[in-house]
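Below, in structure tokens: the form predicted alone, a single chain.
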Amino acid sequence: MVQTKPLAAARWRSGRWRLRNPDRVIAVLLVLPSLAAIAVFVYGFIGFTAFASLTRWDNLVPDFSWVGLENYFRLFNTQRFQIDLRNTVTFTSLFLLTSLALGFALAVLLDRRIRGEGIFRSLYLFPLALSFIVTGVVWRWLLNPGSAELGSTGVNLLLDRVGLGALKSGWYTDPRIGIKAVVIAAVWQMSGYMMAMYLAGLRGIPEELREAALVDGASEFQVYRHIIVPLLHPITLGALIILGHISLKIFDLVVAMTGPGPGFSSDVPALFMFDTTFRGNNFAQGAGIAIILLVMVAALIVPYLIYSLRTEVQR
């Protein structure tokens, strides 16, 4: 007890000092409005959306009668939503694998310090400056299959001119392709970004490591497999998180390029949510889709944040 009182008094005096420190008080006052805005407009609306998904609100007039998980059961029994989930899995898998592979290949090519590297780097990065709406409009024209009256257009016309007419396709108008056509546009836009990330990582690896491995008799392939690729794992993990959450929330590219497509072949949950909420006025079911999207993104982001925090603590 004799040692506890002075310690408590010291802590109390320290707390008073913190409160009386004008810089600290000003900092807290400056941060408070943004904290209040985030609490209301982010977490408050998330909570309201979760509440609305458990009610009978299926008209313009709010009806907050409690129905529990009924909207979710009905949603998972809806054929369009089942197709949307399959499309999301297909889109995410192809988009991640192709973007990472193409970005890494371009980064390895530029890391050779070829002539005109700056020009190529700008060309690869240029699509990133465009919005998904612009990308969707451009690729909608490029992948337009044409018509019997006008003939082939876009990519099909190019295939005709180079003698590869057998490869012509209906692209996004063909239900067998559907969402895969959207993958082409998304990869075109994001692969340059992956190239920039991998190129920064490659330039950060000491040249001595490669030279030592080559002196020890390792081939170029073995250097990449056993040294460079493992050292790039943090970049690959970050890229997976960034691309993954983009693919789960994809909306504007699909709207501008294909819409739901024939037989919902290019439909995604975000587009279904928009139709359900703002065209069908079924706010409860639309809120349910929004919460499912939030859970999917959280399942991807939260483990990464926990891993990052633990890594920072260990450092």
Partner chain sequence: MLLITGLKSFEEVNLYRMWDLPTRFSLDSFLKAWFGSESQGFRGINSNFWNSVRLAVPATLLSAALGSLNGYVLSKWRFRGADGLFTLLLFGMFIPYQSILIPLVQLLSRIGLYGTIPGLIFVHVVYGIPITTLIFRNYYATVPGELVEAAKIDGAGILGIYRHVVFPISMPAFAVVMIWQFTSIWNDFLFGVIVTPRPAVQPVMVALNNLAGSYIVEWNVQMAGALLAALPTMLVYVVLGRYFMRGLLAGSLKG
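Numbering follows the first chain given and starts at 1. We call the rigid core whatever largest set of C-alpha positions still superposes within 1.5 Å between the two forms. Note that the coordinates shown come from a computational prediction; the quantities given were computed from them, not determined experimentally.
There is another form of the same protein, the form predicted in complex with the partner chain; it is not shown, and what comes next is about it.
- With the partner omitted from this view, the residue of V229, I133, A101, L209 that lies near the partner chain in the predicted complex is I133 [heavy atom within 4.5 Å].
- The contact residue chosen from L94, L240, V138, V108 relative to the partner chain in the predicted complex is V138, the criterion being a non-hydrogen atom within 4.5 angstroms.
- In the predicted complex, the partner chain stays beyond 4.5 Å of every heavy atom belonging to W66.
- Although the partner is absent here, N144 sits close enough that one of its heavy atoms falls within 4.5 Å of the partner chain in the predicted complex.
- Interface residue remark: G204 is not counted as part of the site for the partner chain in the predicted complex, having no heavy atom within 4.5 Å.
- Using a 4.5 Å cutoff between non-hydrogen atoms, L54 does not count as a contact of the partner chain in the predicted complex.
- Along 33 to 67, residues S34, L35, A37, I38, F41, V42, Y43, F45, I46, F48, T49, W57 each place a heavy atom within 4.5 Å of the partner chain in the predicted complex.
- After superposing the rigid core, the Cα of I306 is displaced by 2 Å or more between this form and the one not shown.
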